[in-house]
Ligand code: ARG
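A single chain comes next, written as structure tokens; it is the form predicted on its own.
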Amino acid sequence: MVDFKQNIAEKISKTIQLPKETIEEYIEIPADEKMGDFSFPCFRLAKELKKAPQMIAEEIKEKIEVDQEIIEKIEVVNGYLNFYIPPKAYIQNVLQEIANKKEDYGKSTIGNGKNIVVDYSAPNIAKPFHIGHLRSTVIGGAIYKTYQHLGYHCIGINHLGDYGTQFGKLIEGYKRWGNEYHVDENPIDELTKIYVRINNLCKEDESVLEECRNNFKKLEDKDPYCVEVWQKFRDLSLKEFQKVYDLLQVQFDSWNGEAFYSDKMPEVIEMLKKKNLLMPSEGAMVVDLSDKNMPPCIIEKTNGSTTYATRDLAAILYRARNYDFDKAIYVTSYEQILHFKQVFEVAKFLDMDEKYAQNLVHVPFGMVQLKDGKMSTREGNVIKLEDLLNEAIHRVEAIMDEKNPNLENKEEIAKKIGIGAVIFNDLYNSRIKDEIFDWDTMLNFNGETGPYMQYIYVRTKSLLEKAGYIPTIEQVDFSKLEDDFSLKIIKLIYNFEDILKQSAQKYEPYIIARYLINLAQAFSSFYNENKIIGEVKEVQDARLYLTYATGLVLKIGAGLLGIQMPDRM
């Protein structure tokens, strides 16, 4: 497919002393379609060239050789150089690319040979997998899939919270009262009850707390009983978590949690000691970061035990050695911004190539809030993610019972719509914003929602089914798609790969989500303004192929967000 932006950048670079890659970064897509398809602002050149932007734009225009097959015309408006692409060039390029690539449309080779580590989800073992874990799971999943589509080799890691003093407490509680609870039948709820009970006992009796600490020390020293019980908790928890991951269609390449790095931390501590970076502070051992305007990074606590930071540093070292990553992305809440700033700063002192420390990225996100601003109605309660996803499915089933009671495969369709609605609601705004969880908005089939996007996809499917065929590219007369409504869709489809690159570069899945709504709305306008079936054969074939292309891109884009498309609604 012809890269119009690259082509324009090449032409401009021949007229001014600026690298083609820099010019390409400056080129924009105008918000107003009347101002062209691509625009080059000349304001950035004004200071260097000591000329008015308008004059610079005029001079560049005069020097550019116009190729009528790629550039229809160039206009200068208020210091902008506006480029208009011939409709036929757009249509032919886009539809031929769709025909060639099909489900691989939007794929790129920019990531070939590069490894990307994505650390996301990371629930705590033996604790409820709650609504607070939703954001890390779906944002991380979308980033993983987007990078993968762009040709990168991705390693998805679920850095489980499976280490720490709380396991000493759980082991103690299980020793004392394990027989009273049905841990095998309902592991998370029952282990939570045990944890609350032993926690309360620790507050009353210091000797019990000491026993719990001893249990964790035994676990670190590989005591057979403690390891066996810990493994049981871990296995049962993962079995429960998998139910949620199956609903969300999320998979991981590694489940190595904090415990995996327990025997890898001494090496990190030794590295920091050798470089004289560890210093005592109120009984703990820390790395001073005052020169970076940050509090000290605690590496060992006063009792000699390690911290989250120590384990994260051990993980960085392990991932550098085993995955040779070009980038390691950590998807967590914005509450951990300082933690990762500290860890990434200390990572610069580990014995590894500096390229690894330079390519550590924290991707923070906002909190999930219910419509009334409260996470739960009773103190200490949390909203379980599995319950929430099942509630979404049930609500969609109720809507379907009312609107289309005879629909076949209702349960499967409700699952795709309900879970799709939850994911899309999470990803529709910039990740740093707090997410407002509102059922009425989320399940609206007419708003800028997941169900609306799925509905438009289903419409493309039903049109093709009604016609009974998808035309071949050879049957398409490109001249039949030069109306404004068809061209709007064509241009959006053309920009798909660029949208994916922007989303990956900014770690912002919302760029894809908003793009999909724009494409769905453009198709809705096209559908309302154009008769698709029943027109003369050449027109019908062209419009049907555009319908097919739209549905294909909607499905690919939704899949990158982790959303499945139903065939009927």
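The numbering used is simple: start at 1 and walk along the sequence shown. The structure presented is a predicted model; accordingly, all values stated were derived computationally and were not measured.
Form predicted in complex with the ligand: not shown, discussed below.
Interface residue among Thr307, Gln475, Gln336, Thr165 relative to the ligand in the predicted bound form, by the heavy atom within 4.5 Å criterion: Gln336. For the options Asn359, Asn124, Asn429, Gln369, the one in contact with the ligand in the predicted bound form, meaning a heavy atom within 4.5 Å, is Asn124. Checking 175 to 183, 85 to 93, 327 to 335, 447 to 455 against the ligand in the predicted bound form, the stretch whose residues place heavy atoms within 4.5 Å of it is 327 to 335. Though the partner is left out of this view, Asp119 does reach within 4.5 Å of the ligand in the predicted bound form, counting heavy atoms only.
His149 falls outside the set of residues with a heavy atom inside 4.5 Å of the ligand in the predicted bound form. Although the partner is absent here, Pro364 sits far enough away that none of its heavy atoms falls within 4.5 Å of the ligand in the predicted bound form.
The closest heavy atom approach of Gly161 to the ligand in the predicted bound form falls within 4.5 Å. Along 126 to 141, a non-hydrogen atom within 4.5 Å of the ligand in the predicted bound form is carried only by His133.
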